[in-house]
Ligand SMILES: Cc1cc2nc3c(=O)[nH]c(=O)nc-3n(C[C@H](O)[C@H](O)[C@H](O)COP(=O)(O)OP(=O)(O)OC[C@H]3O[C@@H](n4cnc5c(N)ncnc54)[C@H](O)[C@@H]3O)c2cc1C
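The data below hold one chain only, encoded as structure tokens and taken in the form predicted alone.
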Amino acid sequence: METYLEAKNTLPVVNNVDVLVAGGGPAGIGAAISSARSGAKTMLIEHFNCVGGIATSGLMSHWTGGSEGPIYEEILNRCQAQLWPDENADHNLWQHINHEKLKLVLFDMLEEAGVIIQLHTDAANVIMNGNRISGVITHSKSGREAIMAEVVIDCTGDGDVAALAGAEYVKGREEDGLMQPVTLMFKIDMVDYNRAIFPGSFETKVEVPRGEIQALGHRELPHPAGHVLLYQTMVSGQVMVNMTNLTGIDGTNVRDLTRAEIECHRQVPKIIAFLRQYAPGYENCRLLETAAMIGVRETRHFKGLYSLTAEDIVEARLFPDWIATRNQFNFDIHNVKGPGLDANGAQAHFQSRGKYTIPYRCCIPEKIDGLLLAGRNISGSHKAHSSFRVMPICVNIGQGTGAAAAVAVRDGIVPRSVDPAKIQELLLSQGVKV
């Protein structure tokens, strides 16, 4: 590959904070609020024009699973307390997302906690002092700038900051590196709720006049699309559609992401035509909007001090160094080669002993100091990742790492040296339950 040597620049240091959170998705929200509420001067940088990540920019339909957590529950409660025009008050939809409302609720929570928010900002490089990260170089409309921090929490999903810092990782599943497919969420309206079907999982079989809907999707939709996932919204007649699908995509490669955006957009009208023909109540459905970002499920798995396993989740293990508790979700592994559920996934038939915890060690990169991981980029196996990658659990992990970062700053030590008992004391005071 042809190379070009970039000239060295003198960059302005635009902020010096205790804790810098990179990425404003569910994990970043939990981390920033927890850190700021714990007394640390906290800044959050985010690529998009709002916070929330896949929950807002990605048009995710709902908060999945049965997890508990004070910041996560506060988000739900604050959204539910506001009934916007055209919304119905169906309490069965309490986990479903009104994306515009959620954006404002998250802005309010961050600002009330005292978090410094900077949107339209990407992490372009890191500032290292030996093996310790001491800041992040950002790129935005204001150019390249430096933000210094005692602790950086990587909540970018793909672990962009950790990768720039040299933290070790693998991609995808252990045996071949294949990663779960990507999806572009979209919203439709003009759906007759009195007749409409809402298959909510790959294993949901619904008989319609022309046959079984999943079998019809597998036969009629363009490969690798082929499953039917449709979710009610807070507004009657509107439905969130989770049916575009593209395999063989590396979410850390910009050319792959570009191809994914184009191909998934091309799948949308074909899916709408399918719904009009085969799904009762969808005869007149039409496109309202597509997400501003492709949904990437899996990329880098970083090497931490401990790697969470599928057995840890099934056994609902209570780790002595827990920093996120009461997490519950199945093994939601989308087929890496086509539509539907991977052979190693488990949804309707998922069995576990209860809710599980995330140990602090999963959030500490093995060889890099001053850095914490939060969200789907923490240390865990391909199968375990398919459970902890979902949004409520990412909020909980973020809350735990935010508290850990605040303790590290308060005690003047690197995160790996923090006594987990001190983090747990702080989290219990924030309302976390074991």
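Numbers for residues come from their place in the sequence shown, where the first is 1. Model, not experiment: these values are computed from the prediction.
The protein also exists as the form predicted in complex with the ligand; that form is not presented, and the subsequent description refers to it.
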Judged by heavy atoms and a 4.5 Å cut-off, are 24, 60 and 392 together in contact with the ligand in the model of the complex? yes
Region of this chain that lies against the ligand in the model of the complex, out of 249 to 257, 155 to 163, 201 to 209, 316 to 324 [heavy atom, 4.5 Å]: 155 to 163
Contact of residue 45 with the ligand in the model of the complex (heavy atom, 4.5 Å): yes
Contact of residue 336 with the ligand in the model of the complex (heavy atom, 4.5 Å): no
Indicate whether residue 123 is a 4.5 Å heavy atom neighbour of the ligand in the model of the complex. yes
Although the partner isn't part of this model, could you tell me whether residue 357 comes within 4.5 Å of the ligand in the model of the complex, counting any heavy atom of the residue? no
Only one of 135, 304, 295, 217 gets a heavy atom within 4.5 Å of the ligand in the model of the complex. Which one? 295
Of 330, 183, 299, 232, the one that lies within 4.5 Å of the ligand in the model of the complex (heavy atoms): 183
